[in-house]
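This document starts with one chain, in the form predicted alone, laid out as structure tokens.
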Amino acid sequence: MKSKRASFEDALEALGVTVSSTAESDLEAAVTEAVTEPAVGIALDKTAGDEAFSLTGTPVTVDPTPVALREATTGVTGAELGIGDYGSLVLSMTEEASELLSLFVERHVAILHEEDIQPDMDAAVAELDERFNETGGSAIIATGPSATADMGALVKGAHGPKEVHVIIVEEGA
């Protein structure tokens, strides 16, 4: 039986999503390699050791202006959960409007901690139910690059990013 991470990676690859993994100590380099400039992002709330990971040492503009967002090719956000059987990402909405950074760019780079991968939708919904009952939060569940065939041929990027790259931050690495 596959691990939840292996199932998640297989589902992502089937969707055409690029997947990479890194140790937390190498996350800055992994983000730098994954983005296509110009890039925008928001501060990430997971911690690296005792400090929150900062995008400062990357080519990512944090808390961008509307003009920077409009001109950006890549948006960098954290992902709250990964859903193993679908390859979906749970993207929490924040006061910084993180959903804009994941939806209005050509390339979305999502940073997901390995321990936040759930095996299936039922487990993810149970986890979200518990979190959102406490916080009153909300989220988007995004599955792969945006695609539509409303008008005939399949078109990527019509309602969101054409490309998605997930960086999995490995446990204990």
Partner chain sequence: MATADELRELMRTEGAAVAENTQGFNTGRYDSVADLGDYEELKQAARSIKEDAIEELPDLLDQLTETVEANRGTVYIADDAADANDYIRDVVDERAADRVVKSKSMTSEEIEVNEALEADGVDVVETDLGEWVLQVADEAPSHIVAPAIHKSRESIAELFNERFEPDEPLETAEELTRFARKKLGEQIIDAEVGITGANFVTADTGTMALVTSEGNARKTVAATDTHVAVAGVEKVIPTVGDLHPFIELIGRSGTGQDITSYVSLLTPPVDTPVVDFTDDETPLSEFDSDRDFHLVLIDNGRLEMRDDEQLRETLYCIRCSACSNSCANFQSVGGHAFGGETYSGGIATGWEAGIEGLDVAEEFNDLCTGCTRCVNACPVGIDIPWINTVVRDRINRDKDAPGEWLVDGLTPDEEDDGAPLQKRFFGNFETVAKLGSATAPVSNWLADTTVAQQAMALILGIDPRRDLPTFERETLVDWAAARDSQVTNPERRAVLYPDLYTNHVQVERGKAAVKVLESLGVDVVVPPVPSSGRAPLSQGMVATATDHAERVTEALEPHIADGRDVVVIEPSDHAMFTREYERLLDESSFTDIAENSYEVFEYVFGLLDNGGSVESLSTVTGAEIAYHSHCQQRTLGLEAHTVAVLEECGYDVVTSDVECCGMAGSFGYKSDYYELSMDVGDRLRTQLEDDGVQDRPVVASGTSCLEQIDALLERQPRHPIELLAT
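Values in this document were obtained by computation on a predicted structure and should not be read as measured data. Residue numbers count along the first chain shown, from 1.
Although not depicted, the form predicted together with its partner chain is the subject of the following passage.
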Exercise. Taking 4.5 angstroms as the cut-off for heavy atoms, does T36 touch its partner chain in the predicted complex?
Worked result: no
For this session: Answer for A79 alone: is it within 4.5 Å of its partner chain in the predicted complex, judged on heavy atom distances?
Result: no
Problem set entry | Exercise: M121 in contact with its partner chain in the predicted complex, heavy atom 4.5 Å | yes
Exercise. Any of the heavy atoms of L128 lying within 4.5 Å of its partner chain in the predicted complex?
Worked result: yes
Exercise. Going through 77 to 105 from first to last, which residues have a non-hydrogen atom within 4.5 Å of its partner chain in the predicted complex?
Worked result: Y86, S88, L91, M93, T94, E95, E96, A97, E99, L100, L101, S102, L103, F104, V105
